[in-house]
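Shown below, as structure tokens, is a lone chain in the form predicted alone; questions about how it binds or moves come after it.
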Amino acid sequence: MKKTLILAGALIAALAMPSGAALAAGDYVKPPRHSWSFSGPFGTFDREQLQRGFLVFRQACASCHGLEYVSFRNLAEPGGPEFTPGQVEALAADFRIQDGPDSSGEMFERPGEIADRWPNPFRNKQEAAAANAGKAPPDLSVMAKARTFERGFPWFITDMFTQYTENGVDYINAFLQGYVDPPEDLDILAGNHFNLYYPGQIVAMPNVLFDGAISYTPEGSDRPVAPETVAQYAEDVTAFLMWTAEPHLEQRKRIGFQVMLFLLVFAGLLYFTKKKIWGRLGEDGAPEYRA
């Protein structure tokens, strides 16, 4: 009994410990859980947030990271940022796409078209690594699904019932806000940076988000549509990366709900059919005859 009380007290203390508590260098800090519009079985993307997230990606991330699995036309499709076709065509035309070979066997460049994939900022991984202190920046197309973290006990049990699957986006959102001054006793090599939420806390990627660095003020207006803060930038670009990783999320959830509804109706029909057929038999298994 005494051991049980001790274990229970230790568990309560662990759950009560704030996630942002000061830790020594190298300790792992679990990202805090964030509220997303696309969470849960009925969650959907916020179109305005996806458009802001794309703006953040283009201005703060696209110079180093690519979107290998995203075509320009995807930006105008239902379920995503839903830019107009004209906006997407103008965006694609801003890029020069290598094509060919032509009739003489030479490669050439042309303006981008909506069917083209988002161009990588580097020609190959070797060039990307050479431009970034020896480490090529990863492609961000499916990063929201590729990154995760363990929430530990008892959350991995409750997550099964709450359908929590936002580990990846919670990590990315926290990571983008996790650049802080390193502990005084920690020596960091040149070209590396301290991030509270990165495993090991030493990362090659520098901080790219700063308050007021990206304008959310529409043309002809003097007020931004959302706060121009690091927290807002991080949330918006993370939501955008969730869409690039799962562009058919809304369709999947809608079909899943329809399938569950169909199965419930089908189960009801089966029950009443069984009751209609087998209800004719008496307790001894012989058919009952009614006058």
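Heads up: residue numbers just count along the shown sequence, starting at 1. On a predicted model such as this, the values are computed, not experimentally measured, just so you know.
Below, we turn to the form predicted together with a small molecule, even though it does not appear here.
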May I ask whether A60, Y171 and P206 all come within 4.5 angstroms of the small molecule in the predicted complex, judged by heavy atoms? yes
Please determine, with the chain shown alone, which of 218-226, 38-46, 262-270, 64-72 has non-hydrogen atoms within 4.5 Å of the small molecule in the predicted complex. 64-72
Considering the small molecule in the predicted complex, which of F175, F149, Y164, F194 comes within 4.5 Å of it through any heavy atom? F175
With the partner omitted here, the residue among P111, P183, P154, P138 that in the predicted complex has a heavy atom within 4.5 Å of the small molecule is P138
Is A92 part of the interface with the small molecule in the predicted complex - any heavy atom within 4.5 Å? no
Taking 4.5 angstroms as the cut-off for heavy atoms, does V88 touch the small molecule in the predicted complex? no
Is there any non-hydrogen atom of F83 lying within 4.5 Å of the small molecule in the predicted complex? no
Closest heavy atom of A76 to the small molecule in the predicted complex, within 4.5 Å or not? no
